[in-house]
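The chain that follows stands alone, in the form predicted on its own, written as structure tokens.
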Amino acid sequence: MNSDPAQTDFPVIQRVRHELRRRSLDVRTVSRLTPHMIRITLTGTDLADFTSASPDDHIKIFVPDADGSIARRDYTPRRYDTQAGELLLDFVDHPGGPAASWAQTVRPGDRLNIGGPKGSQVITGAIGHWLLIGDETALPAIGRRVEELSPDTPVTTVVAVPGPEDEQNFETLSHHIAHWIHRSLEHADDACGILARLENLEMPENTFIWVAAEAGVAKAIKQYFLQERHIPAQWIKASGYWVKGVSDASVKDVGAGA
């Protein structure tokens, strides 16, 4: 599918700018969503004009670092409920890192400062089907995308998590097919499980492929679609949400120009 080099009706990624503002919010609830995911609900009057136009937006959170300084980390707004005035953030529970440490110890009534999102990348065009691929760090963006899709746009997800207890259910009007790959957090930089599942995955016409994982994994997945499935690059958006061995690193467009 999507392999005709003469095709010009590609999806478009529209970049939308937002007013950059810092907000001080209250922690309303802290819950254990799965064994490796903590969900934190934030609220406050500063949310009144909060805007997030795309499911893979990022905000900046400001949390204490081990040396007493303030660390800045990027997180996806999992959901913003305008009626309830609540912003949901999901944190992967793993050893080390200031954001994970904060999420492990935060309590209702504590405060969190956030900034942004400063912009959104809104994907538009004749997309007949979505294929969302990622790991734990991508689950907030994947879950939000699945839940926000309309009934006439089906979606398939392929997500790697530590075990069956870490799988999540999404409430959506779209027809959703979920594929889960189980591997330990220690092997989160190994693309083999995801690539093996993709080998036998059927893809309808006009499938847009969205990928977010460890940078090496995301690059391997993108190269697979480009070289083995001959998918035009315009139908793929692949990002490295983290880089193994490098603190606070990401790659917005892996394999750019490949």
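As the structure is a computational prediction, the values presented were derived from the model and not from experiment. In this text, residue numbers run from 1 along the sequence as written.
This protein has a second form, the form predicted in complex with a small molecule, left out of what is shown; the following refers to that one.
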Segment that reaches the small molecule in the model of the complex - one of 74-82, 147-155, 123-131, 164-172, heavy atoms within 4.5 Å: 74-82
Work out which of H179, H182, H94, H176 lies within 4.5 Å of the small molecule in the model of the complex, going by heavy atoms. H94
Scan Q234, S24, Q14, S250 and let me know which has any heavy atom within 4.5 Å of the small molecule in the model of the complex. S250
Heavy atoms within 4.5 Å of the small molecule in the model of the complex: does A100 have any? yes
With a 4.5 Å heavy atom cut-off, would you call V246 a contact of the small molecule in the model of the complex? yes
Are any of the heavy atoms in H58 no more than 4.5 Å from a heavy atom of the small molecule in the model of the complex? yes
